[in-house]
Structure formats: C-alpha cells, structure tokens
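First structure 1, then structure 2: two forms of the same chain, each alone, as structure tokens.
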Structure 1
Amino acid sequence: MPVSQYLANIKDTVQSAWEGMTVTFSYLFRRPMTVQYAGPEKAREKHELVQDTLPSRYRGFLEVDLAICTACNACERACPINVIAIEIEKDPANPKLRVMTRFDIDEGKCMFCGLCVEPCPTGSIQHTREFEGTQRTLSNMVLRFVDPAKPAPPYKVAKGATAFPRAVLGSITRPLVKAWDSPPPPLPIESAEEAMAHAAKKAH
C-alpha cells in the first residue's frame, strides 16, 4: 500500500471518530429527553396519566380512525414487516360499494418506524402515546379496528378538502388496549382427593 493511501486512511479514521465523538459530547450539554416510568413529579402530583406527559411526536401504539380512512391500502403497502392487514370486500347490501371487513394492526410485531403514517392521505393512521401492552399471549396484541359484523365503508374525500375531522388521538386505541388488562382465567379448583394426591406426589 502506498504511503499516501496509508496516511489518507488514518486521516479518514480520525475524522470519522472526531465527528462521532462531537455528536456524542454535544448531548452532554442538552436537556435529557428520558423520563421516569411513573412520569415527572408534577404529573404524579396532578394524578395525570404518563401518556399525557409524553412528547407529541412520541411513537406509541398505532391507531386508525375509520371515520376518515379511505381504504387506499397505502399504509399496508408501506409497512416493511406486514404489521397491517386490511381486507376489502363488496357490500352485501349494495354490490357496487366496497367495505372494509378487516383492519388489524399487530402491535407486538410493530417496530414503530412510522412509515405507514407518512403516505396516509387523510391522517387516519397515527402513532398514539399509548405504550403499555403487557400480555401473556403475543397474539392478543393485535388491535382489531373493524368489527366483521359491522363492515366500515371507505371515507370519501370531498373535493378540495385539506383538513379532516379526526378523533382525539388515543381515544380509539385506549379502550382496545385496556381490554388486554382483563383478569386471567381462574385456576382449576382441586377436589379434596386430588389435593391429597398432589401433596403426596410432591412429598415423594
């Protein structure tokens, strides 16, 4: 290797390390963005929800407002890991119309990249501040926004419309997430004989 190339490699390495360390050291003088799980002290004093103390750009669970969803499938196509599943069928009452019979989002699989939010023409799909989703079964972390018994018609955008009446962010997802908190099924009650046999087996 020529000496000039060798020196150029050293220069590039030092320059790259300097740029990286400059960014790292710059955060020493910035206000930290992390907060305690229970929320800031003021939020605890006011008994506010942790979700309400998070920044507006926080990426939590996804939410879909079907009232302004055009069923364009742009979000489903944009998702790189197939988190979103949409099914559109003909309306049995009127075969000329289409309705959404499924709009599922697998929150357990979502990597919160926000790529599905960008192409939405009406802002129907957005990230909320909801983040708590503890579940014993991973398949339970699928949010179903469409009731198959009540298909949702696509929203028709008015000509020249630039704003859309969206529901309050989080108001749709929060009740769905709370359903995850349902108590686990009760443990089976053993009969007296079964309890004695179980205790004898453990003693051996």
Structure 2
Amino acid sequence: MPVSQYLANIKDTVQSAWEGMTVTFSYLFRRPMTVQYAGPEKAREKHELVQDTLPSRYRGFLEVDLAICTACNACERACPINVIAIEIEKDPANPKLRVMTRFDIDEGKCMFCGLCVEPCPTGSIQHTREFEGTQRTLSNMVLRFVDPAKPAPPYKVAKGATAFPRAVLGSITRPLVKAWDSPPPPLPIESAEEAMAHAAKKAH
C-alpha cells in the first residue's frame, strides 16, 4: 500500500469517527427518552400512577363488571386458550332463574389478545390498564369475579338499550389483584371421593 493511501485511510477513519462523535455528543443535550417507572417521590405524592399514563386502548388485565354481564358465554367461546371459566346454575331460591356461580379469568394464562372483548354485547368484559400482577404462586393469578357465597344474577338488557352503566374501568380488578407474596388458595378438591363426586357432577 502506498504511503498516500495509508495516510488517506487514517484521514477517512478519523474524519468518520469524528462525525459519529458529534452525533453522540449532541445526544447529551436532548431530552431523555427514559421514563421513570416507579416515579420520583413527587409523582407518587400526586398519585400519578403508571397505569394512568398508558393509552386508553392498552390491553392489560381483563375485568368483568358483573352488574351488566348477561351470562351469554360469548367471551368464553371466543377465547382460543380457555382463559375464562363461567359456570351458570339454577338459582336455588327461584328455580326459574339462573345465576353465575363462577366467573374466573386466569390472568396467568391470558395472552391479552382482546378477542373476548369484541363479542361482548354490553361491554361488560374489558381490558383495563392494570398490568402489575407479579405473584409468587401462579394460581394466585386467577381472578375470581364471583363470590361463591353470593352468586350473581345475569343482567337483563332493556329493549333498545345501546348504553350500559359500567363501573369505572379498573376499579373492580385492582382490589382483586393479590399481594405478590400472598399464600396460594386452598385446593378445591381435597380427597379422592370428592374428586369422584365432582367428576360425576360435571358429567351429569
């Protein structure tokens, strides 16, 4: 390699490195892209939660407002991976009516695709902007919207109704999310006889 070529190479390299350095240097004076996750103390005092900074379409944890749920099972059928479990029984007090004894959403299995939200006739099931649900026990990720002691009756849609009164998004799910180190729930079926009885009941 001739000396002139050698020197030209050095000149080109230094020049392009300098060019790159000027770009890097200019980044010192730009607004940082980073967002403080937990927020400084001031933001916490003002109750500026991360959830509130997310766009309204954000697909976080699912939430069901049982007050306007018609128990139509459309969401359960739309889900490709059976995240939602609904059980409907006859009301023991009034056998003509039905009640929901179970409405479970397994947030640990959910892939947050939003396919269950679309067929809902009343907008009862919605994605919230909640996303912090770390759990030490996976089964604690299951959100139980129906208290087994208090079965929920289905909502009756008034004729011609287009709007439905829905609770504030997130107000139902937020209290249901457990603390990260809460103990696992008791196993629903304890003995072999109970399991047999459960299976027989299901088959029936």
Partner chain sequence: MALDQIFITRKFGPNAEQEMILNMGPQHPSTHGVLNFIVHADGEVMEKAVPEVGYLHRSLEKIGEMVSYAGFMPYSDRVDYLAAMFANEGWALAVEKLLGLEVPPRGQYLRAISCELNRIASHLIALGSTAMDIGAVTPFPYALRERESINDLIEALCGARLTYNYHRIGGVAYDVPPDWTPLCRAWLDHFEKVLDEFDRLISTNEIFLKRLAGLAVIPAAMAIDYGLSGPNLRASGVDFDLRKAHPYGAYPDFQFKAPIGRAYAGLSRGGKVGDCYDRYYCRVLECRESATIVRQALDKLPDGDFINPKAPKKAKPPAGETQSRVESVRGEMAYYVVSDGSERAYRLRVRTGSFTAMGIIEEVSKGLMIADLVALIASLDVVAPEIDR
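Since we're looking at a predicted model, the values are computed, not measured. Every residue number counts along structure 1's sequence, beginning with 1. Only the largest set of C-alpha atoms that superpose within 1.5 Å between the two forms is called the rigid core.
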Original post:
Pick one: is 1 or 2 the form predicted on its own?
Top reply: 1
Original post:
Once you line up the core, how about S26: does its CA shift reach 2 Å between structure 1 and structure 2?
Top reply: yes
Subject >> C-alpha positional change at T13 between structure 1 and structure 2 - rigid core reference, Å >> reply: 34.8
